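Below you will find one chain, with nothing else, as structure tokens; this is the form predicted alone, and questions on how it binds or moves follow later.
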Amino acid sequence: MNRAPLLFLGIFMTLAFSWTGIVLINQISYGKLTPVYDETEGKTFPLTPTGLAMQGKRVYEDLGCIYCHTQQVRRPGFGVDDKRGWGDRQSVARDYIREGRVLLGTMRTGPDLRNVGARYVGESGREWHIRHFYDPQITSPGSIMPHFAFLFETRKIVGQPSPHAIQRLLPADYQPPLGYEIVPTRRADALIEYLLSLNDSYTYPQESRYIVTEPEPASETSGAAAPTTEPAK
């Protein structure tokens, strides 16, 4: 008796049920998530990234940043992300609903970047990223991150210096020759804009009950405190 059709059918059904359980059910569940409008803030979260930030996301992928940096803050008790200042709360599924491709990353050779836009804010944050990309040793001595000076152009000054020139931000050892200036390329501007947009500091009311907070230190008489699940402040 030829059992090949039954064997094939069994393998097919196993794969089908696995796909349904792992992919389809999760897609149905997470596919129902929508942005949340906060009347107090007058904004819809997660925020819609700008076009330049979306271009920067492609630069982030192209440069392979995903191989050294994650974008997922773990809850207390599953790592020390909160103690490292990588986020005020754990990441939740709703954080990612505006992203076509979620860049969770593969390892943490460097810090998690999911909330890097909350750590380096505004113009001072932009200037920090410029120095960091030009050479990480400027901002983080001893860093093993490669420099990305190729994202900047050293060019001769013709007429008036560019208002976007960055040499004023660099130490003396990094200054260009007299009569030249260093300016960010479009890729550098886009990548920095993308990193500045990574900020999941808003807590959604729907997810607040699932967010695990760091337990208060136990007193000598009360014994060890267990992790608690409560709305984030």
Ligand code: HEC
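A residue's number is simply how far along the shown sequence it sits, counting from 1. Just so it is clear, the model here is predicted, and its values are computed rather than measured.
The form predicted in complex with the named molecule is left out here; the points below concern that form.
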(message) Looking at Gly64, Gly31, Gly51, Pro205 here, can you tell me which has any non-hydrogen atom within 4.5 angstroms of the named molecule in the predicted bound form?
(response) Gly64
(message) Please tell me which of Arg94, His132, Arg126, Arg75 lies within 4.5 Å of the named molecule in the predicted bound form, judged by heavy atoms.
(response) His132
(request) Choose from 98-106, 75-83, 113-121, 156-164 the stretch whose residues reach within 4.5 Å of the named molecule in the predicted bound form, heavy atoms counted. (result) 113-121
(message) Ala149 versus the named molecule, in the predicted bound form: is there a non-hydrogen atom within 4.5 Å?
(response) no
(request) Report yes if any heavy atom of Leu195 sits within 4.5 Å of a heavy atom of the named molecule in the predicted bound form; otherwise report no. (result) yes
(request) Please run the contact check for Lys57 against the named molecule in the predicted bound form: heavy atoms, 4.5 angstroms, yes or no? (result) no
(request) Mark Cys68 yes when one of its heavy atoms lies within 4.5 Å of a heavy atom of the named molecule in the predicted bound form, and no otherwise. (result) yes
(request) Quick one: name the residues from 138-157 with any non-hydrogen atom within 4.5 angstroms of the named molecule in the predicted bound form. (result) Ser140, Ser143, Ile144, Met145, Pro146, Phe148
